[in-house]
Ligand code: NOJ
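Take a look at this one chain, the form predicted on its own, written out in structure tokens.
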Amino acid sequence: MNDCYNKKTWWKESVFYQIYPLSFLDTTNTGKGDIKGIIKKIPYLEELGIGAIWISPIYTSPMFDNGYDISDYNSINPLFGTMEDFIKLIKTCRKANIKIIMDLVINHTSSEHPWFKKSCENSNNSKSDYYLWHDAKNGKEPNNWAADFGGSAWTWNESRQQYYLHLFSKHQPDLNWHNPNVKKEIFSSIKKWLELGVNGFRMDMGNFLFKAKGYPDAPHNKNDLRKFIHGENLYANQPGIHNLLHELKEELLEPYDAMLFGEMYFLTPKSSLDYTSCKKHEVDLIYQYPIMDARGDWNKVKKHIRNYANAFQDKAWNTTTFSNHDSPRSVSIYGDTSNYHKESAKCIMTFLLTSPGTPFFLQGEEIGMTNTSVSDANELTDIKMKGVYNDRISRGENPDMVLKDLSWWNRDNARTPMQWSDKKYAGFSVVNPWLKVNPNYTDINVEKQQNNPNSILNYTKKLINLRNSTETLIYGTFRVLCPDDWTVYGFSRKLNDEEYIIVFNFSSNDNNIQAFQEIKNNSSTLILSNYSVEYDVIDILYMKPWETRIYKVKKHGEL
């Protein structure tokens, strides 16, 4: 390996845990989570073995999109607490050796941001070109771009008599990153948080900051008028983005040993290297959306892992993730919650924590939290889902069919309150929460699993402890041991003379594993499995539904 790739860093070695503050723990009896709730649960995360927490936005915001519409980059939303609370959180995490990553939402601001309000006044003031304004074209929108949250990506402003661009909600106007003053102000805010002790940022829509010159129309797609269409040619990976990220990384983040990982779309393994190559100094990691977009297809997941591992070898650091606040619960989409909930949740977590790269998972994944159900459109709280629902209904689609389709991919699935206990409201709050608790909280909760040695939670602790205790599962090479179109799967992680072999059955059926000659031909010891059975490796013939095993290959001469 080259020196650049092989350099040991905390963000390569940490297991990252995403906290969605609204739904983590309510200590103020508002029905909404807060910073004090995070502080209260740091011992829980420390015991779990978490090395870093990524906190979704807690900046001042009108909360149209749950904080991803920021109206002040320099302050804490009173809904979550105070700056003093946040400083206490930093100190508490530091004592627990847990890093803090904040969300960096700089593609757009809130429409309530003072910059936007000033920009709306006229086309000749100090903030007039902080956003992307355009005259009407033949009395209509400047182009046919669709917003990801439904409808047009352009909204008319009466006072300014122009349209403004918003790739998401009309409450989230896109910033003009060609304006050097925008960069100056955003960079100033970033530095403030670094000075306070923040260890890095997750960059929301990290490759969307610059838009195509002239705003050309998107190719017409009669099958999906709402979906991002050819975004790689219109508003992703545009000229200027690499210089900006390089400057952000070198000038602001590196002096603080702070990391940057980007939420990025429309990338291949090869084009991802344009951002993540450790010699470029842009982003340290990118969020691997192809896994989450695989929609439960394990063959796609395995190909993705293989392709990125091959492309990134000695050049960039990988990530592995199955879920975040924008996606369904991993066990609901990739596992079998009806027949093998516990087994499949453990199998998924094993894959996450032994694959190459830095693992990320969302609060509740460690106990196997699942999707919830939506029977009425009025139950939708997610601004995106409501917008998409209304957009599709307006185009004549059947309301029941649209709701059924969206209920599976509804972002509320990932945002239901954390299930701490079987008490009312799942121990998240003592009052009715902002979002309905998943009804299965009496069976799936932290308190119940803490007392069960065979629980998903305690299995996850064992996995994290294993990863934290050996560099092989962090820095080791990755080698697939069987064709990736098989339901049964296996790979090796090797560093120097230490090697682990991990095997999986990604199905609800027994499967033959005679293909794993690697195990039979080596003297290997089973060190962890999600089934409480001891195996003589010579006699292995099959794996049970959703079974996974981790073997350690004995060194030459080792008894």
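Note that residue numbering begins at 1 and tracks the sequence as displayed. Computed from a predicted structure; not experimentally measured.
The next section is about a form of this same protein that is not shown, the form predicted together with the ligand.
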| item | value |
| --- | --- |
| The ligand in the predicted bound form: contacted by all of E13, M259 and H281, heavy atom 4.5 Å | no |
| Stretch from 308-316, 167-175, 153-161, 419-427 whose residues place a heavy atom within 4.5 Å of the ligand in the predicted bound form | 167-175 |
| Interface membership of D326, the ligand in the predicted bound form, 4.5 Å heavy atom rule | yes |
| Residue contact check: Y68 to the ligand in the predicted bound form, 4.5 Å heavy atom | yes |
| Heavy atom of E343 within 4.5 Å of the ligand in the predicted bound form | no |
| Close approach of D336 to the ligand in the predicted bound form, 4.5 Å, heavy atom | no |
| Heavy atom within 4.5 Å of the ligand in the predicted bound form - residue from D204, E185, D391, D412 | D204 |
| Sole residue of I286, V105, I456, L362 within 4.5 Å of the ligand in the predicted bound form, by heavy atom | V105 |
| The ligand in the predicted bound form - contacting residues of 131-150, heavy atom within 4.5 Å | F149 |
